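Quick setup: one chain, the form predicted on its own, written in structure tokens, and binding and motion questions come after.
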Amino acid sequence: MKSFASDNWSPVHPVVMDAIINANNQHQAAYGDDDYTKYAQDLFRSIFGADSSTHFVFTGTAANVLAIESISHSFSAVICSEHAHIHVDECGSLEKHSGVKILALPTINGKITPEQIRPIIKSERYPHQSEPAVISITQTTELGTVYTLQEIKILADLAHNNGLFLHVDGARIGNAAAALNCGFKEMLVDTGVDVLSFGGTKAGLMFGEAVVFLKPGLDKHFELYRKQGMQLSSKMRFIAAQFIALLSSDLWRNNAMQANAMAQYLAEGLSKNAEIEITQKVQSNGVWAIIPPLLAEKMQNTQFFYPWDEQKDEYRLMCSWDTTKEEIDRFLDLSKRSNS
């Protein structure tokens, strides 16, 4: 059986795999000077506007680190949620490679608010204190929730009115757009976001992420940061070809809608068990639930998923583009039988 561990566990979508194979049929110029990369960058511009620029990297951690590093300084600070991937899941990469200090704010739903940010947005002990330069939010959040368009715009305005940038970690950006029933431009450009880490791997790609600068001039030194950060791919066409497959049709939206719908279906099934408590609004492709340890162990033996907060017996179950109702029904049925 498939697992609910992570959408990173899912296979490559067949359309994307075909795109990789097709890109392997001939010689192409290296380091992004190939036809596929140029076409993919044009495709991103058609989505995000002529002023945007897109650069491909291998991993989500690299996308986040290089995006933030390129719009900040070693004496800067970045404001984010306590659950942010840059804070808890990237092994201190941002601090190591950029020197930027992370200011993490507590949150019960993964979203940070202007009321939390305002008190720390200015350095009070200049020049002895790191000066905030970036607000970073995750869309969808690490708890599966989704910022509304209005919430993003308010944070962007707050950042810009105080000389800061707004960065979005979009590891699951397609799931967010599908949940909000909007396009990428509407969610990100029109709300004022400055730079986006655009996730591909969780959406059905084999590998590859993109850093998208939504304002002109912000990518001035990015090519150098990327090379120095060991993320300049010589055969970049294999990353670009995957994004072409994902974005040139409705594949990204179809994948996201399927994953989101399956999370809703899974949550409905889990909530029928009186022992299980759903702890977050199910707005994207993840379900967070408190499950008694013995029951959780039996369920994990049926189809694996990770603990989230072991002190609260809280677990995370993720759905992917290839999750089906039949698999969920089987999982719930086997879990029920193993508990009887």
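Residue numbers run from 1 along the displayed sequence. Everything numeric in this text was worked out from a predicted model, so none of it was measured.
This protein has a second form, the form predicted together with a further copy of the same chain, left out of what is shown; the following refers to that one.
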Considering a further copy of the same chain in the predicted complex, find the one stretch among 63-71, 278-286, 36-44, 293-301 with heavy atoms no farther than 4.5 Å from it. 63-71
How about K235 - does it come within 4.5 Å of a further copy of the same chain in the predicted complex, if we only consider non-hydrogen atoms? yes
At the 4.5 Å heavy atom threshold, is K336 in contact with a further copy of the same chain in the predicted complex? no
Can you work out whether G199 and a further copy of the same chain are in contact in the predicted complex, taking contact to mean some heavy atom pair no more than 4.5 Å apart? no
How about E90 - does it come within 4.5 Å of a further copy of the same chain in the predicted complex, if we only consider non-hydrogen atoms? yes
Check L149, D194 and K312: does every one of them have a heavy atom within 4.5 Å of a further copy of the same chain in the predicted complex? no
Quick one: of Q228, N162, T113, Q264, which gets a non-hydrogen atom within 4.5 angstroms of a further copy of the same chain in the predicted complex? Q228
Considering a further copy of the same chain in the predicted complex, which of D190, D157, E268, E95 comes within 4.5 Å of it through any heavy atom? E95
Could you list the residues in 185-213 that come within 4.5 Å of a further copy of the same chain in the predicted complex, counting only heavy atoms and keeping sequence order? T201, G204, L205, M206, F207
